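The data below hold one chain only, encoded as structure tokens and taken in the form predicted on its own.
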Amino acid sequence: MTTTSGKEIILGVTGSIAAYKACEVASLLVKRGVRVTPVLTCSAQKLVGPASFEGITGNQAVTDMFDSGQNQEIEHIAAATRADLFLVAPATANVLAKAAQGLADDWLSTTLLATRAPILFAPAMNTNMYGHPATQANIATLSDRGCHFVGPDSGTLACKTVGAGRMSEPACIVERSMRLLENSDDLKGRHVLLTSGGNHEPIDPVRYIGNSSSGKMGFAVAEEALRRGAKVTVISGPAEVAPPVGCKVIPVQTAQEMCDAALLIAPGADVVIGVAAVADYRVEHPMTEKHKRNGNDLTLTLTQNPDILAAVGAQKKNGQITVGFAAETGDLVENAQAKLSKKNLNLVVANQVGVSDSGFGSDTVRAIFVDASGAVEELSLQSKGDLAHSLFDRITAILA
């Protein structure tokens, strides 16, 4: 039996075009042994029917504050009390605003106000609505109160605009829900610092040398640290995905900027994790104006960038945990072992790149743990979120 078997989730479905995906969310949750109570707002019912959710979950869908047969005085309070997690997927700008302001004008918003269970929102809305200062302020308010967020993702939306606002895929939402059901505070009071993303090393004002790091692995690590109660700081180079709400993000472009920020913050951190795909080299003398094609070959002189993890390891304080990620195309164990000693690390996560199901931009990863004692653990192909979960199991064991 899994640790989530027998748990109950209230699944709030609101009036986004992504409401149809909530059926898959409900189905995946049921398959994981979770009891799901579906709640559909009036707007959601214009897009999906309660019968679908009832067939999937085996439970009556709540569609109205005063459904017949309900105890109108206390049913929402009872549900709020017994729920282990309150998931709103999709979460519109409207429901985020109501939750942030404490409004309670229907069953969903009333129960959100009454529950003491963890709350997870999966936003889905037009890009401009998501980026509006009011929506961002509401998200910040809810995050400050301890609410959790998954997504939104970027892409082409139903309204044909392109940008952030698309609801995360059901599998990602369910994975995040499972972790919240297993929530722990084993990093409460700890400060986790990590680097994430890649670097852009300028050639001239409009061109740069970079790599295809998406930032997905780093942000999965940040999200897991947040789930465990840590204070999280992310030094992020350019990335394709948004960082999880709740962490402090320091945006940088170059490896030198990332190094300067890391050396400044690392002395106050309990755990330092180098997830970023740091550029090993930079152009020695970037051009100050855009280079024009002139028929001749262009020669660039490259110079080494600072080794961020080695610099952090050199000033490592007693009791501090340092972890490195090593993106490798081969010889994972040998390269990880070399990195351990060279950079004074407690643990190296050697992850395979250059294959379709692992590495930059993928949602899954093949990795090996190599620790300072010489122990090697090869992991099966898994999601980056699962890898982050396993990583912090190891880190908390070392801290203990």
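Just so it is clear, the model here is predicted, and its values are computed rather than measured. Quick note: we count residues from 1 along the sequence shown, nothing fancier.
Form predicted together with ligand CTP: not shown, discussed below.
The candidate site formed by A222, A230 and D270 is entirely out of contact with ligand CTP in the predicted complex, as no residue has a non-hydrogen atom within 4.5 angstroms of it. Contact with ligand CTP in the predicted complex, judged by any heavy atom within 4.5 Å, is made by just one of D280, D186, D260, D204: D280.
The partner is absent here; in the predicted complex, the one residue of K339, R35, R32, R366 having a heavy atom within 4.5 Å of ligand CTP is K339. E328 belongs to the set of residues with a heavy atom inside 4.5 Å of ligand CTP in the predicted complex. Residue contact with ligand CTP in the predicted complex: G274 places a heavy atom within 4.5 Å of it.
For the chain shown alone, P152 is not a contact residue for ligand CTP in the predicted complex, no non-hydrogen atom being within 4.5 angstroms.
When contacts are judged by a 4.5 Å heavy atom cut-off, D307 counts as touching ligand CTP in the predicted complex. Stretch 299-307 is the contacting one of 114-122, 299-307, 233-241, 282-290, since its residues have non-hydrogen atoms within 4.5 Å of ligand CTP in the predicted complex. Contacts to ligand CTP in the predicted complex (heavy atom within 4.5 Å) from stretch 9-33: none.
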